[in-house]
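Below sits a lone chain in structure tokens, taken as the form predicted alone.
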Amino acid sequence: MSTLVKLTAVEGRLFLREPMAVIFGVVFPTILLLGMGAIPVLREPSPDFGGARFVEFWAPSALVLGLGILGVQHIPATIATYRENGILRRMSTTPVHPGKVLAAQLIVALAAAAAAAGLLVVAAWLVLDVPLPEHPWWFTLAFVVGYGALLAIGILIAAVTPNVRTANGFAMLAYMAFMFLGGVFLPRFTLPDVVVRIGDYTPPGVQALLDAWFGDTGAATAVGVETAGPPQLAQLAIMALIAVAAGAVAAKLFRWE
């Protein structure tokens, strides 16, 4: 068994032993969406959403909530804890390359996010009658690229912060910014147009998820997108660039202690 596989298996077991990460990162987005769906008025079609329902429009934002917790809160705190407790220093005396430590964290976080996305999409479909993604391949691509950018930023925070307190501080700032731009705190149709446009190109790309999920239905056009459908390639390209750049800098600046 390769070193990366062993590290990933260990990190996976450690993740499952953290009930807060599992609950808030994987399960809570679905619970929150279903809870909002229990409010009758939010299940009714609205002209504010092009004839769609609020639960449809807000579903990608609920997913963004979980991705943010996993990508920019859990990972920096975990790696900073390893560094502060001397675990990384002890690992530095072994042949393990720092890239493998980061890769194991990324694989576990990606698996957790995929579980969160699958749970939310299926539960929304079965319970709230939210349609399945109209463009599943585009949705998958938007999810992987957008979350990859988010993970890279989380890894970058983990790579440059010396202790848990600093990591949590930077992670919280990044998390609040991504949640605001992703429409978690305020529905995106209530935000200024310039803020909405910035959010279109900010990880994890809530508009790209919305476009791929609902295509040319009302939910996809609720924030003023004139032509809905698959995500714009410019959105995906910019987030892919963010992922590559942040990941490269993180690998370059990573320190064992």
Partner chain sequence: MAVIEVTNLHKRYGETVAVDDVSFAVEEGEIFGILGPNGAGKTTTVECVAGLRAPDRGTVTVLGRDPQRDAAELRQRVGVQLQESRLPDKLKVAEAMDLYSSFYRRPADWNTLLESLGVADKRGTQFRKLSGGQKQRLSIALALVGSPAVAVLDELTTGLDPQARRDTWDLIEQVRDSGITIVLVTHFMDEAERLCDRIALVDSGRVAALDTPAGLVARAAEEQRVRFRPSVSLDDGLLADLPEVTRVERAGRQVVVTGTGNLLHAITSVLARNHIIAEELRVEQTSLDDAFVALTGRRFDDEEGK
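Fair warning: this is a prediction, and the values are worked out from it, not measured in the lab. Numbering follows the first chain given and starts at 1.
Beyond the structure shown, there is the form predicted in complex with the partner chain, which is absent from this document and is the topic of what follows.
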At 4.5 Å by heavy atoms, is each residue in 129, 187 and 191 next to the partner chain in the predicted bound form?
no
Heavy atom within 4.5 Å of the partner chain in the predicted bound form: which of 178, 170, 82, 138?
82
Name the residue from 241, 248, 14, 233 that puts a heavy atom within 4.5 Å of the partner chain in the predicted bound form.
14
For the partner chain in the predicted bound form, the stretch among 161-169, 83-91, 119-127, 142-150 with residues bearing a heavy atom within 4.5 Å is 83-91
Would residue 6 count as touching the partner chain in the predicted bound form under a 4.5 Å heavy atom rule?
yes
Do residue 23 and the partner chain come within 4.5 Å of each other in the predicted bound form, heavy atoms counted?
no
Should residue 10 be counted as a contact of the partner chain in the predicted bound form, where contact means heavy atoms within 4.5 Å?
yes
So which bits of 176-197 sit within 4.5 Å of the partner chain in the predicted bound form, heavy atoms only?
none
